[in-house]
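Read the single chain below, which is given as C-alpha cells and is the form predicted alone.
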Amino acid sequence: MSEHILVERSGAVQVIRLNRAEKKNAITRAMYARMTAALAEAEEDPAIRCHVFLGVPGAFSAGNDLSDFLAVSTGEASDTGEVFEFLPTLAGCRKPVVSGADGISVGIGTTLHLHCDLTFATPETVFRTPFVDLGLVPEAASSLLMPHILGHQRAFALLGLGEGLSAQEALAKGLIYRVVAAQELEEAVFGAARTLAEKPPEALRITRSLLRGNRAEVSARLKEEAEHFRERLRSQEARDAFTAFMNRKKPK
C-alpha cells in the first residue's frame, strides 16, 4: 500500500487524500491500488455512506506519474493495470462521491471529478487534460461524458486541443458544483459529505442511480478507452513525449 494515499474515516464519511505534495500529487501505480482498495472496502461497509477525495493545498493532482508510463513504453514494465482497475471501481461506486480540488488538476486530476456527485474547487484551480500532447487518448470515459457536459467543441478544446478550464468556467459549464475560497474548501467538502451521509441511504442510492442513468455505455467506453490507451502507451509518439517531458524535469 502507498503512504502517499491517506485513508481516514470521519463518522460515516471515508476520506481518500492524495498526499504526495513534493510531486504535486502525481499518481503512482501503488497510489491507484490503494485508492481502489479503499473504495472497494468502503462500498461493502454499511457504516460508510459517502466517499471524499481531496488533495493538498495547491495541487489536487498533476495526473499520472509519467515514470510509470515511460516504464511501460520502454518495455521495463508490462502494464499499468492499477489505473484500469481504479477507474471502473470509481465509476461503479453506489455511494455518493464528493471531491475538493485546489490548484493543479491535470489528466486524472480532472477526469476523476466526472464520477463525483459534488465537486468543489478553489478560484486557483485549473482543469487540464493533455492526453494528446503525451501521445495518449482520454480515459475515465471522459470522451463520452465531457461532450455531454460541455458540448462537443468545448470538450474537444479540453481533450484534443489541451486548453485548460478555469474553476469559474468549469462551474458555468456544469463540470463542478461550487467555487469556494481555498481556506473554505475542506469545510465545504466535509459539510456536503456529512449532509449526504445523514440522508436515508437507500433512497439516496436510488436517486443517485436514476440521475446517473444507464451506466452500461460508460462501462463500455471505459473499456474502449483502456484498449486505445494501452496501445498508445507503447507507441513511438508516447515514448518520445514521455522522454521529452522527463528530460525537461531533470535539474540543469
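When you see a residue number, it is the position in the sequence shown, counting from 1. For clarity, every value in this text was computed on a predicted model and none was experimentally measured.
FYI, the form predicted together with a small molecule isn't displayed, but the following is about it.
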{"query": "Output flag, Gly11, Ala42 and Phe190 jointly within 4.5 Å of the small molecule in the predicted complex, heavy atom basis", "finding": "no"}
{"query": "Contact segment among 161-169, 123-131, 84-92, 175-183, judged by heavy atoms lying within 4.5 Å of the small molecule in the predicted complex", "finding": "123-131"}
{"query": "Partner-contacting position among Val106, Leu114, Val72, Ala155 - heavy atom within 4.5 Å of the small molecule in the predicted complex", "finding": "Val106"}
{"query": "Listed residue that, although the small molecule is not shown, lies within 4.5 Å of it in the predicted complex (heavy atoms), from Leu222, Ala26, Met31, Val52", "finding": "Ala26"}
{"query": "Proximity of Ala62 to the small molecule in the predicted complex, heavy atoms at 4.5 Å", "finding": "yes"}
{"query": "Partner contact for Leu66 in the predicted complex: the small molecule, 4.5 angstroms, heavy atom", "finding": "yes"}
